[in-house]
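Below sits a lone chain in structure tokens, taken as the form predicted on its own.
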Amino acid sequence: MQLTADTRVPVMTSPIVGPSLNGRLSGLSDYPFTRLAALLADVTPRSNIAPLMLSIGEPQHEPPALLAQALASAPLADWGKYPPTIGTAPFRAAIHGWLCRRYGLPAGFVDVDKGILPATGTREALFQVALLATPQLKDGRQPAVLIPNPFYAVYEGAAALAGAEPVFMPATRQTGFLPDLDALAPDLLARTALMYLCTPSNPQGAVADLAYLKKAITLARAYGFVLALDECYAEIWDKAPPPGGFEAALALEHEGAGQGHAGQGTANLLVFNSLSKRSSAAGLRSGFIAGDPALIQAFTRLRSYALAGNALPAQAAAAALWNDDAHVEENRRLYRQKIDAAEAALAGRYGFYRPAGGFFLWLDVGDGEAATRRLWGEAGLRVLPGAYFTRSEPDGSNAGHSYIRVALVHDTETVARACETIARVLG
């Protein structure tokens, strides 16, 4: 597929020429959790220890009662119906209403009928966007997909399987744990088909401010690529709500109007979010894609071939959750308590800082793999080495080598004990 310059609507071309799908798969590193299992295969925690999983960002809070209520009240007949690819009108309306409340958008900025699609979580949609956005050639060369480094493994897999070259943008302490957009060479941007950005970032919890997001959107439009903003942690924040891509696009629209050239709206922008973190409902597998209507139209066509969609009762339950903000405030309060507990145990050690968003700690422990093995064997704490999120440089160095990621998803008392144990075991 390629994006036409005038409409940005993907049109079908001949199949991508290159290695088979299986060949592209073989070129990928093992998935982080597969690597973790191999790392710890010969390590057995002491028998008097109850193992604790801090390696996966699976929320442990009880979902709000309205989730069960909405599912229970759904007509039984709805379980026997195929859901529409575009989602139900109440589902799209709930997403639209939340976007307007959360980001202060005027009602017409995101088109409720042409600018929103349901997704089964965000993982599969973030994968599919690479298939959607990657042409055979960009600027006469192999297309590039830009990925933050460290990164969510799905980004790399999607880029490689779409036939693009994954290009990793360092996101280290020196860059504020976000990629330095000014460091991107024009020659690279010219062949870029897609840029992934995650804010708040996983694993570092860094938040892109409005100026940063405006710059990313401006680059996407100037060089004709798709900006995929992964905002799945946007409702888990510490001090202030993170700005979003639509806020930035709206600000650009206002600036353009002041200069006499408004009208780009959500062009080149797709935003991804879900209920997994916001509502502790990972098992519901409900999220959304929103943004550029031309891209949403193409996404709808792609998904009509590739996805069965969310069940109608699941969409009704999701709509109820997006329409309610009270349970999200309570969710944030609980995560702040966990960060408080972590800070009490770890402040001044391992480069600890309070993440601006999300629920992970990104701790500099010197050697992430060695620390992971030690914590599992001596304390039954399962964490994830930072190198498993981070692509190594050509010289073999890896910016994530010294880190571990710790997921603060259990109750506050458990998190407090776990962080105290980390400090005791690692010294």
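Computed from a predicted model, the values in this text were never measured in an experiment. From 1 onward, residues are counted along the sequence shown.
This protein has a second form, the form predicted together with a small molecule, left out of what is shown; the following refers to that one.
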property	result
The small molecule: the contacting residue among Val271, Ala206, Cys232, Ala162 in the predicted bound form [heavy atom, 4.5 Å]	Cys232
Ser276, Gln128, Asn310, Asn331 - the one with a heavy atom within 4.5 Å of the small molecule in the predicted bound form	Ser276
Joint contact, Gly121, Cys198 and Asn202 to the small molecule in the predicted bound form, by non-hydrogen atom at 4.5 Å	yes
Phe91 within 4.5 Å of the small molecule in the predicted bound form, heavy atoms	no
The small molecule contact at Lys138 in the predicted bound form, heavy atom, 4.5 Å	no
Non-hydrogen atom contact Tyr103 with the small molecule in the predicted bound form at 4.5 angstroms	no
Contact label in the predicted bound form: Trp98 to the small molecule, heavy atom within 4.5 Å	no
Segment assignment from 75-83, 247-255, 149-157, 213-221: heavy atom within 4.5 Å of the small molecule in the predicted bound form	149-157
